[in-house]
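The chain below stands alone and is given as structure tokens, in the form predicted on its own.
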């Protein structure tokens, strides 16, 4: 593939063709690049010319020849201040998008012939030729009339990351694949919680295409591999820097399979908002976390500690079958009757064994619910935590309420409670919620009788622009058997210290504990609460979390971002981890699925 273009002459006379005329002629001639050279001190400003060229064209790449300023204190008027130059580059990048090209071309003499240009174009190099007129443009276009062309221009190809065989993306995925130089890249690079810069995003729409994507991933084992459904996960592991992403967000259908059995089929890319909306006309619901924007795939393979959890159990407790593609591309179905060992593993550790392409879920009959959002102010967060725990653990299983708070401000903590009472009776709802009044001084409340689907629908649709998370979340998690005065003391101290920025307690118990621990890979069935904390830095969070973790057992990997194998060993009890590693040896012995959390195949806990 060879790109051919021109270098503008910025010293043209007023009577000659305008820059815009030459630019439009270049695009009409089918050339690929217009390079704006570094002007002389009294010449035109390169940033302005590049912007003007971009505005006058629609397809062609705009090459900006420049030298990055390195002087911290420029002394000459012609030397750009580095910060100003970088801001100009960012602004031009936003205006021009993937058409901006800053390197990667070879300049031929103005009078170069076909043989000389062909020699310079060896190995696919972009060749540009200086021009001063529209006639020059036409001459350049005739130098290599039969040159092989790429579906992506020079600017897009210049942004490719090393180690990825872009030109051999499977044919079934080529039309929807997104590279760093593509216009759609900004919409797929990041997730809800994390900024990313993946080298390639593959977007399969069928199980066969997932198998093709995994074949490509097997050929690039040295690169990070992220699997994404809706990209909402707190752990943020469904994006990376320079690696591959297999995004199954397009596999998002939801259909009712059997009304009598309340059996529903959902694709991994569907959100729980979509599922709730689809099944609501039947009077059904399924406990699915606390946010409608979360994807089915991530939650239904990890656990799913949700707003109906105490009444109806975890999300994974409703999975009746999973269709998935294994690391070697094999398509399998796992259920209690088929591949039962894999079915056990998928419900709690699914990210290590394959990519789910469909779930069969048995949902619940759920009429109207009481949905509560309560805000308290407290000068004693320790006492507030104990009051919340007492109210929640003594509540009937129809009541599931979560707590969120952060660092106190001026000696006062803002404590938010939100949750559900599965009842259509207003008196019952108020009775249940009154138990939480001792948490603090009630500052704001909203309690409504509504449907589960209505609560899930409050999540905003992501839309075509995608997520725009930034930075890297730093989270820690654990399971709390009971909230003791000692834990409340240590949690209050951590919050007052200011480094624990966000703190959540999710209520468990009830129907969650009805399932035997050995039934699924998620085996933490008995704790009263699941705990999550967010901070700014890993080392800082490790120090803050250590006193709290002494009160806990295990952890919930979906909410934990700590690096290192120790987190996996804490997440699963030794017998469970041994069994998972044995299964890993059977289904993914080479460790293709390793970037969510690593299960070393065959290693004994």
Ligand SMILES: Cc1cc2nc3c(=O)[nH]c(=O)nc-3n(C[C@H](O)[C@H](O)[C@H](O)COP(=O)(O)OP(=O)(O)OC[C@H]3O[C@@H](n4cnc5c(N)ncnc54)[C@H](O)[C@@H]3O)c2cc1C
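Predicted model only: the values in this text are computed from it and were never measured. Numbering follows the first chain given and starts at 1.
One more form of this protein, predicted together with the ligand, exists but is not displayed; see below.
Of the listed positions (531, 275, 230, 403), a single one reaches within 4.5 angstroms of the ligand by any non-hydrogen atom in the predicted bound form, namely 230. Checked against the ligand in the predicted bound form, the residues 198, 304, 419, 204 give one hit for a heavy atom within 4.5 Å, which is 304.
Within 4.5 Å of the ligand in the predicted bound form, a heavy atom is found for none of 100, 152 and 243. With the ligand omitted here, the record of contacts in the predicted bound form names 189-197 of 131-139, 440-448, 189-197, 277-285, defined by a heavy atom within 4.5 Å. The ligand is not drawn, but in the predicted bound form it has no heavy atom within 4.5 Å of residue 26.
Contact check for residue 595: a non-hydrogen atom falls within 4.5 Å of the ligand in the predicted bound form. Although the partner is absent here, residue 237 lies within 4.5 Å of the ligand in the predicted bound form, judged by heavy atoms. The shortest heavy atom separation between residue 180 and the ligand in the predicted bound form exceeds 4.5 Å. Taking a 4.5 Å heavy atom cutoff to the ligand in the predicted bound form, the contacting residues in 532-568 are 556, 558, 559. Put simply, residue 236 and residue 406 spread apart in the predicted bound form: their C-alpha atoms are 3 Å or more farther than in the form shown.
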